[in-house]
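This document starts with one chain, in the form predicted on its own, laid out as structure tokens.
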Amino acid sequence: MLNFDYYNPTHIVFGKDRLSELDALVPKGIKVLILYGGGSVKKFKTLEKVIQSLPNREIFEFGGIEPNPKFTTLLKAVDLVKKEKVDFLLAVGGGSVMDGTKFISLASHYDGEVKDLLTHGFQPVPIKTALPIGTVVTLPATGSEMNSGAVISHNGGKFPVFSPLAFPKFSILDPTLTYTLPAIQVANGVIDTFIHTVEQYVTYPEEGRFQDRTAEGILRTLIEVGKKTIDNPTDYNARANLVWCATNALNGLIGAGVPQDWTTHMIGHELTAMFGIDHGQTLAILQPSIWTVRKDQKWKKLLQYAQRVWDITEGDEESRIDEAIEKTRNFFQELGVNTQLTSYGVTHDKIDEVVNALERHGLTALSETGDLTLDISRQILEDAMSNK
């Protein structure tokens, strides 16, 4: 097992009817900015319930944070925070709202050029103070409710922003708040959680036995409840398991002390930025192709994945790996998500543009070993056109 530091200070408040506890979680007598995305939090009265749970505080609102939150939109919220001298940020929504809120928290206390916060990659941004934040999760997917990272969109690119100051102070996870989500958003969330998990698991063996078994438990649970929670959105136990899987897939636990490979997300971000394909859909498109192209590099862990996640034990090693890849692709498709780039109107001549974008953003040495070149990214994209 590799050396690691593990730190996670977020207080999780899980279960039904927990919104009333906001009054005890958020300090009284302060100015609170509630941030959200579209109109669903108003339509389904989640915002109203949140505000009712925060008496004796001055409340401000900032709506309209987009999927893949835009830098320019978030700057408007930063201006509001500074103008009104806001003390606390409360994100009500999914990963994009939470990511945007983290960025606002950091940017509001940053003395330099705010755009520079987008330039540090996976290294912590150089900042010593930030506004405290809390979250109310309405979409299980990104795990942003219990980690210190965000992804921000700007000028056609998607940029990671990390800081230990960005951990939420608390996150309320009430599965019933996710019942009204459209089926495609739930499917995307299942896939995002699945890919977060395999990117920390299907790499190479490093004797992280607890991490492996925990990752396998998340993956098997997603396979068990994924379609069930789409078909029966008010099945509390199915949805609760999805919500908790999403949180634990990216709160640092299963990635501690083991190699990680974020190739799927890095290339996927480019597809979203260029073609507007949903984030979860890009991951479903890419992951089977990445494993097909990188089969030799991931051989041992793909065999382990085949046996422990899909119960594939018969046949020679390569046939077991191929079957596991195909089962993964079929799982995504059963959730209602197409796994071919051509299904989203992307033609073969666009591959050059994607590869050029990867080069422009410095994504030229991806994978757990840094050996995934632009030529290999091209092979992956070519395979993902039709998966044939």
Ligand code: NZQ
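Residue numbers here begin at 1 and follow the sequence given. Note that the structure is predicted; figures quoted are calculated from it, not measured.
Beyond the structure shown, there is the form predicted in complex with the ligand, which is absent from this document and is the topic of what follows.
- With respect to the ligand in the predicted bound form, the three residues P27, K169 and G252 uniformly fall beyond 4.5 angstroms at the level of their nearest heavy atom.
- Proximity to the ligand in the predicted bound form, taken as heavy atoms within 4.5 Å, picks out 66 to 74 from the listed stretches 50 to 58, 27 to 35, 66 to 74, 315 to 323.
- Checked against the ligand in the predicted bound form, the residues N237, N155, Q307, T180 give one hit for a heavy atom within 4.5 Å, which is T180.
- Taking A150, L219, I191, L271 one by one, only a single residue has any non-hydrogen atom within 4.5 Å of the ligand in the predicted bound form, and it is A150.
- Taking non-hydrogen atoms only, Q340 never approaches the ligand to within 4.5 angstroms in the predicted bound form.
- Shown alone here, T142 lies within 4.5 Å of the ligand in the predicted bound form, counting heavy atoms only.
- Though the partner is left out of this view, K298 does not reach within 4.5 Å of the ligand in the predicted bound form, counting heavy atoms only.
- Taking the partner from the other structure, the ligand in the predicted bound form has a heavy atom within 4.5 Å of a heavy atom of S96.
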